[in-house]
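Take a look at this single chain, the form predicted alone, given in structure tokens.
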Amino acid sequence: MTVRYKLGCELTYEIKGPTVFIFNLEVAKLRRHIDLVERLTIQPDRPLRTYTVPDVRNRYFSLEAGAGPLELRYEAEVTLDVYRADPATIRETPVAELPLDIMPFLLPSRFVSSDRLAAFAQREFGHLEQGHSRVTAICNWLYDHIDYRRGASNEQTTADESLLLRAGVCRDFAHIGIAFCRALNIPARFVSCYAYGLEPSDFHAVFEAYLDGRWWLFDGTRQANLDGLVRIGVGRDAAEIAFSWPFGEMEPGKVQITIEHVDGSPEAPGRTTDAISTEEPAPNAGAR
């Protein structure tokens, strides 16, 4: 089933001095993001530099802003075509069979302290049946043991710190989930997205685990619909795919995120027990 969404964001800044921005907020150009139509408006108008990461298709653009107000508006329509499967059929991939380009997602990274959480993850989840169900069990644990609490963490909080706090926001839920997966030799990566069903609407963070030759979506917060996530970017952790990196003196202002079902397209999805992916199978899955 395909569903068409209208989405976007508005960002405002007060620039105090010359500032360079790098943004990552445009819809990723994936094969399952169909018929993407988009418009980017910047006031005052500034020349842009752009870059799309090969393979994962993260899209970055950069601009230089002088003193004064800066307003950015991104609008898009896209049809989301998710891939569904029975979770019981999805196995874990042994490390010896992982494609080499997947291997970095097994290692600790800046905010994902999987080495520090290895003993905890093995004790809690090491005995469970391997496969999609074990990652689902991780998400169930996050939902049951971590409080969703705004202000409990900041942009520097790591997975092990969030676990000690037993509180955080979507970014922290994703980091802990990724850390537990990596500690169990399951490759996992951070995902930023527009999320249908999220209230209030905001940029959302979830994670993907690499199982059986494909990346599968998971959300420990259970705040959005897995089959209503329109991907912006993926990375080892949040450090690689923040929606904005400013280099200079400025003050951020209003941030407004929207996503809605386009009238006339098939009914927008609800929650599902299917395994959900928006990625194609890895071209070298199973290569040794």
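Small disclaimer: the values here were computed from a predicted structure and weren't measured. So that there is no doubt, residue numbering starts at 1 and follows the sequence shown.
Missing here is the form predicted in complex with another copy of the chain; even so, the following discussion is about that form.
Asks: Which of these residues, Glu199, Glu129, Asp86, Glu97, gets a heavy atom within 4.5 Å of another copy of the chain in the predicted complex?
Replies: Selected option: Glu97.
Asks: Please pick, from Val169, Ala76, Leu163, Cys139, the one residue with any non-hydrogen atom lying within 4.5 angstroms of another copy of the chain in the predicted complex.
Replies: Contact with another copy of the chain in the predicted complex is made by Leu163 alone.
Asks: Given that another copy of the chain is not shown alongside this chain, does Asn185 nevertheless sit within 4.5 Å of it in the predicted complex, heavy atom to heavy atom?
Replies: Yes - in the predicted complex, heavy atoms of Asn185 and another copy of the chain come within 4.5 Å of each other.
Asks: Though only this chain appears here, would Arg31 touch another copy of the chain in the predicted complex if you measure heavy atom gaps against 4.5 Å?
Replies: Arg31: no, not in contact with another copy of the chain in the predicted complex.
Asks: With heavy atoms only and a cut-off of 4.5 Å, decide whether Leu80 touches another copy of the chain in the predicted complex.
Replies: Flag for Leu80 set to no.
Asks: Wondering, does Arg123 line up within 4.5 Å of another copy of the chain in the predicted complex on heavy atoms?
Replies: Yes - in the predicted complex, heavy atoms of Arg123 and another copy of the chain come within 4.5 Å of each other.
Asks: Which is the contacting stretch out of 214-222, 68-76, 102-110, 130-138, given heavy atoms within 4.5 Å of another copy of the chain in the predicted complex?
Replies: One stretch meets the cut-off, namely 102-110.
Asks: Just give me the residues of 141-155, first to last, that have a heavy atom within 4.5 Å of another copy of the chain in the predicted complex.
Replies: Counting only heavy atoms within 4.5 Å of another copy of the chain in the predicted complex, the contacting residues of 141-155 are Asp144, His145, Ile146, Asp147.
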